[in-house]
Ligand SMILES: Cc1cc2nc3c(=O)[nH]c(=O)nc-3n(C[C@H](O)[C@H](O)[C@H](O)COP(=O)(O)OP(=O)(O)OC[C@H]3O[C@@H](n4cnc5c(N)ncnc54)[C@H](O)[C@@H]3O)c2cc1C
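Take a look at this single chain in structure tokens; it is the form predicted alone.
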Amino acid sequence: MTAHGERPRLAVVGAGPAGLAAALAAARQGLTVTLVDAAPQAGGQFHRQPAEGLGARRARALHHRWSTWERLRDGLARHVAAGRITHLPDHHVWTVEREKDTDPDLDPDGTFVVHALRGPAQEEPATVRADGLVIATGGYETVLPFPGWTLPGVVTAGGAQAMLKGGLVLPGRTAVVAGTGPLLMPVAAGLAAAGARVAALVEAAGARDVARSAPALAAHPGKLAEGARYAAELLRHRVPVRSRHTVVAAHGTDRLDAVTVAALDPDGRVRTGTGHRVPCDTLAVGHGMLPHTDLAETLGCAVDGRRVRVDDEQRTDVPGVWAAGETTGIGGADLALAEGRIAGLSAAARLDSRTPDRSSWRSAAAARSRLRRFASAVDAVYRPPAHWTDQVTDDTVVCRCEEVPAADVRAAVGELGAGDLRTVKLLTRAGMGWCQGRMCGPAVAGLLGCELPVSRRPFARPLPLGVLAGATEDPTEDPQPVRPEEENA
């Protein structure tokens, strides 16, 4: 509860589909919303927009679901202009804490204080106070190591897409798109449509994997039609598609000049003698995604596997905290929209004792159930090759930050008896670098043969010591709202 006469305040972290849907739903129900996002413009990765200075005239050519983005963008602009939503772009949240209120008229559990660093240099501290919090921090790509993966010219599949959507640039002239997952097809199609020659789309999944999940996939004809459109685009640009194949090595001296592609047997092992070299100057590679749970973990939210645990209202087990989108499990933009809408409606009902819009709630809940089933089917289809570690040579760098090769990890396990990621980290420094194991964690876990554990860090991102020292002093005032004419969304 807030002071008498004040509208409850909701902070939403992340302005992708889930965060935008939550902010709009809560604002429509009467909450005062602050939307905090690290990007300079709203939209997240899915609706990433070109920088305004580039003067893009046909940005919609790089997107599908453009009408959905227009609806979200225009709704955000209206609520910002009306003062119901404050949009804070370029604000990188590093932690959230609970601050106890001394006023008995206020919530005895206190308010949430969102700590962020603002600006491109991430040097200016900023705080936002709120009665409730929605975590919509999305997900991040997994890239499993292989010989040569650190060469210049090797990028993540999402990174290649971000360069194209946000910077209007191609990562190279001749590309191979490889790995596994539904992201690969739109990336390959987007690169080809933008003028790159896509020498191959290399997908670890095959027809048998699709057949096993065919009934669940067939229940979503719209999704299948979307995939068919991408397939037609690849056919039109004459992109060779290699299913049940994988990239086993990248080659080059100063930068990438070729990759070796090989076939996989039904068990996920590379078939001997099937390797062939494909010349290219860019490899866009990805092996699926993981939820971004760092912020939820700092608050003590329960995490099941690698996803934040939520109930039917998208509430976490921490009172006053909701989570939506990829942070509760990778499922795509449509599922994120449904979850965000539910989180926003629930926050309004719980914080302001309002009766939610039942029609919108039922519609979003039905969509969520349907899309979660589809996401589970997709997850069953697209999995990294079961024996990918067989291709990781001892001199392959596993932890890029600390330059730790696979040989060191294997020695820590086989010779020194390490049985968990923390021990490997202490013995090899794998995971001690800038990313704190976010990128190398899956690879180290794979070499170790264990599940990727939940890591509860006090901070969701690196920050200067000076900022941490300043946080013990009187916090800064809440940032001023973005004026409508300055609104980037």
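Note that the structure is predicted; figures quoted are calculated from it, not measured. Heads up: residue numbers just count along the shown sequence, starting at 1.
We do not show the form predicted together with this ligand, though everything after this point is about it.
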{"property": "Interface residue in the predicted bound form among D352, E297, E233, E141, criterion: non-hydrogen atom within 4.5 angstroms of this ligand", "result": "E141"}
{"property": "Close approach of W69 to this ligand in the predicted bound form, 4.5 Å, heavy atom", "result": "no"}
{"property": "Non-hydrogen atom contact A23 with this ligand in the predicted bound form at 4.5 angstroms", "result": "no"}
{"property": "Contact label in the predicted bound form: R84 to this ligand, heavy atom within 4.5 Å", "result": "no"}
{"property": "Contact test in the predicted bound form: G148 vs this ligand, heavy atoms, 4.5 Å", "result": "no"}
{"property": "Contact stretch among 155-163, 357-365, 205-213, 73-81 - heavy atom within 4.5 Å of this ligand in the predicted bound form", "result": "155-163"}
{"property": "This ligand in the predicted bound form - contacting residues of 328-344, heavy atom within 4.5 Å", "result": "G332, A333, A336"}
